[in-house]
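Next up: a single chain in structure tokens, the form predicted alone.
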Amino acid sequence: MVVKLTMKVGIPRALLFYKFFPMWTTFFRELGVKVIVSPNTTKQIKTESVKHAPDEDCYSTKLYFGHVMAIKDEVDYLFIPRFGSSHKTNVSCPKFIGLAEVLQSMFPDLPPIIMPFYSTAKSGHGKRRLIYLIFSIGFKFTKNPFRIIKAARRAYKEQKVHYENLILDEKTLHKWEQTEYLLNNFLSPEEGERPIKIALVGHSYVLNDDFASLNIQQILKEHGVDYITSEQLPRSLVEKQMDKLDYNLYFDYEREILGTIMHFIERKSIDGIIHLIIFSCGPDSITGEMAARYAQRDPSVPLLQLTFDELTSETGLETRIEAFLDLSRRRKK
């Protein structure tokens, strides 16, 4: 009797994983594939990242190399999509498009890489392209087209639910801004004391990677901060701020970051903003400079910008955050 082994697909826990993990993991699992996600970033993964990644890459892209190395020997395929955009004009980082081929050329001993290319803005891709990619990937693991369709529908549903749970509606955001609602229910402020409110903005792969962000969310929790992230701001409010620019900021994820900063500077409904920047990221550099200028024009909401790379010190970071929170509390009083 021949036992059919389950195919294994590896997904690095880095970059776009934090945006699309519900969709990716659900699709493969519904096809009967075992999904191997690389572990949370560790010091060892960082060491491998610095060792293998090109020097000119940003810190987040370097970490991606380490996550690939962590699972390459455990899987039959690696899933590294070449995602350009899902918007007619706005794009994501161009390195997302070339990363799979860079890895393939640098490390020919890697497992086969599934690298679907999709870009609405630059290549005019739409539903037909998406359907083609779904079936071209699905047929690697099953000959049943109905199972592929079912997997795709389930994956889309899981991604939609993820966004619905993550992104606040405007009514809930307004309640939070008026301190009628706490986003972090671990808080236990003293009676009559309003907890300090902070906006934590940055890329999802920085915000959600405790090692890359040096546990900044945990630090804020320990200091009793009720914080909101740029991922949670309603998209309608982000686009409202972007419409005020004299030009189109066409980096999609930078729009999310800058729109959040502009919103809270305009509303003056929080006590401070912490902006996480990745060293040598071009789009991040542009957004960081624009955010700093908006904050200088209206300094009523203090802005702290923190730059991260493989040499950033956790002790130095925590000292800066503590000083910023003390400043914000004094300003509030």
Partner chain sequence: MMSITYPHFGSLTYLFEIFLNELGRYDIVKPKNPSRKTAIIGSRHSPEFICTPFKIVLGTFMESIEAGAYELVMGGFQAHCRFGYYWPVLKMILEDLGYDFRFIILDQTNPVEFLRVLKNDVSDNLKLFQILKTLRIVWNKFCCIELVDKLLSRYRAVEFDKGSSELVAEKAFKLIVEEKGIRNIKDLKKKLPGLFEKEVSKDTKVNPLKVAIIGEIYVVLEPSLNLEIHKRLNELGVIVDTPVSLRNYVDFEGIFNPFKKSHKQITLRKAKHYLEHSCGGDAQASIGDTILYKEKDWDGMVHLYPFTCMPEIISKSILPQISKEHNMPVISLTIDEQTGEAGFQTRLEAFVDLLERKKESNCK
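Positions refer to the first chain, counted from 1. None of these values were measured; they are calculated from a predicted model.
Not pictured, yet referred to below: the form predicted together with its partner chain.
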In the model of the complex, which of 194-202, 176-184, 227-235, 240-248 comes within 4.5 Å of its partner chain (heavy atoms)? 240-248
Applying a 4.5 Å heavy atom distance criterion, does residue 50 contact its partner chain in the model of the complex? no
Given that its partner chain is not shown alongside this chain, does residue 43 nevertheless sit within 4.5 Å of it in the model of the complex, heavy atom to heavy atom? no
Just checking whether residue 66 would be counted as a contact of its partner chain in the model of the complex - the rule being heavy atoms within 4.5 angstroms. no
Exercise: residue 299 in contact with its partner chain in the model of the complex, heavy atom 4.5 Å: no
Consider the chain as shown here, without its partner, and state which of 95, 162, 221, 154 has a heavy atom within 4.5 Å of its partner chain in the model of the complex. 95
Heavy atom within 4.5 Å of its partner chain in the model of the complex: which of 168, 102, 113, 214? 102
Which residues in 290-306 have a heavy atom within 4.5 Å of its partner chain in the model of the complex? 290, 293, 294, 296, 297
